[in-house]
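Shown next as structure tokens: one chain only, the form predicted on its own.
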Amino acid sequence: MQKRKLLEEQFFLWLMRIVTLSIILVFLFIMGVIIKKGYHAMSWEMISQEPQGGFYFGKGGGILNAIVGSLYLAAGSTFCALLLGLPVALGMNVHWVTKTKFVGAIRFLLNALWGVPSIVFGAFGFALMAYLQIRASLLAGIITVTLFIVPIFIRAFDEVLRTVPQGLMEAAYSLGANRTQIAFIVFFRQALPGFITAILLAFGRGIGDAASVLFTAGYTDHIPQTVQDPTATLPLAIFFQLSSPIPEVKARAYAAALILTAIILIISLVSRLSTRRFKKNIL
């Protein structure tokens, strides 16, 4: 019996190592392909200029419009998701903590929405645009991406809040605190590292998605000046340039993919560092 248990432990240990190594190798392979095909097109002009005349035929210019547009879109949608999701996540773990069936139903719906393909949110956003008579713009893109990432933000922050000891709530009640004070002073402070992680996770999903903004954000060679203007995004820039038959334009698509990957990696790194820092401050 002991030998069988040991064999099972060794089997799953090696399985874990193989799967982990496979994931690392796949990541390195993807990065290698992107770097190999895209670094030739990388230049200061590429990240500091808008597309110029003939850009899509291999001539001068850059993708600054897509970089700024992606940041605008991801920042705006993350802010809106924060406004919508924070009260819900705190309510599920403080105000409605005794209503287990109701909270369970909310979690089930959020999990279902998390699994819905982003193209479905894009189609819904397009239908909503037609109903509200809103043209393709930064505003329409923000609304659509907000609907896409708000379940991600709520569930990510909810899982962190569930780890906060319930004894803190009882202690706060004994000191005369109300539910709002418990939610924002006790629970929010304890879950602050997870809150930052949830924000950055939502931001990363928002900046890297193409399907949800394909019908709603439009595309332009200029940086949007208002929320009513259409906006370019890095995923769409990659999509449009990669479909070009011109080798120089395809190389720029891989360079744009390299920039997008770098942004997401930076977000992940900032998330890890911020989490560690705030954990130390709380402790």
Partner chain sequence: MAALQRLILPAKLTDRLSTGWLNFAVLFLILLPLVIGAGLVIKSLPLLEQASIGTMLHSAEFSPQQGHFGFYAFIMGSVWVTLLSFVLSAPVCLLAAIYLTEYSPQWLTQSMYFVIDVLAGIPSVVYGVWGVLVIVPLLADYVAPALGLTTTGYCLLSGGIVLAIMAVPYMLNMLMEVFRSVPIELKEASLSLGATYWETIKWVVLKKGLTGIIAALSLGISKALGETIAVLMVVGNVAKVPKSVFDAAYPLPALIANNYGDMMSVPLYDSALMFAALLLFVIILVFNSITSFFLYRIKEQ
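If you superpose the two forms and keep the largest set of C-alpha atoms that fall within 1.5 Å, you have the rigid core. Residue numbers count along the first chain shown, from 1. Being a predicted model, the structure only gives us computed values, none of them experimental.
This protein has a second form, the form predicted in complex with its partner chain, left out of what is shown; the following refers to that one.
Student: Please run the contact check for residue 222 against its partner chain in the model of the complex: heavy atoms, 4.5 angstroms, yes or no?
Tutor: Residue-level check for residue 222: no, no contact with its partner chain.
Student: Determine whether any heavy atom of residue 3 comes within 4.5 Å of a heavy atom of its partner chain in the model of the complex, and answer yes or no.
Tutor: Taking the distances in the model of the complex, the answer for residue 3 is no, it never comes within 4.5 Å of its partner chain.
Student: Even though the partner isn't displayed, in the model of the complex is residue 84 close enough to its partner chain, meaning a heavy atom within 4.5 Å?
Tutor: Output for residue 84 is yes: heavy atoms within 4.5 Å of its partner chain.
Student: When the contact criterion is heavy atoms within 4.5 Å, does residue 121 count as touching its partner chain in the model of the complex?
Tutor: Residue 121: contacts its partner chain in the model of the complex.
Student: Would you mind picking out the stretch of 249-257, 39-47, 60-68, 224-232 that comes within 4.5 angstroms of its partner chain in the model of the complex, counting non-hydrogen atoms?
Tutor: This holds for exactly one stretch, 249-257.
Student: 106, 185 and 208 - do all three of these have some heavy atom no more than 4.5 Å from its partner chain in the model of the complex?
Tutor: The answer is yes: all three residues contact the partner (heavy atom, 4.5 Å cut-off).
Student: Scan 75, 97, 164, 88 and let me know which has any heavy atom within 4.5 Å of its partner chain in the model of the complex.
Tutor: Residue within 4.5 Å of the partner: 88.
Student: Work out which of 202, 140, 154, 191 lies within 4.5 Å of its partner chain in the model of the complex, going by heavy atoms.
Tutor: Only one listed residue qualifies here, and that residue is 154.
Student: Between 14-41 and its partner chain in the model of the complex, list the residues on our side with a heavy atom within 4.5 Å.
Tutor: Going through 14-41 in order - heavy atoms within 4.5 Å of its partner chain in the model of the complex - the hits are 15, 16, 17, 19, 20, 23, 24, 26, 27, 29, 30, 31, 33, 34, 37.
Student: For residue 265, state whether the C-alpha moves by 2 Å or more between the shown form and the other one after rigid core superposition.
Tutor: Moves: no, less than 2 Å.
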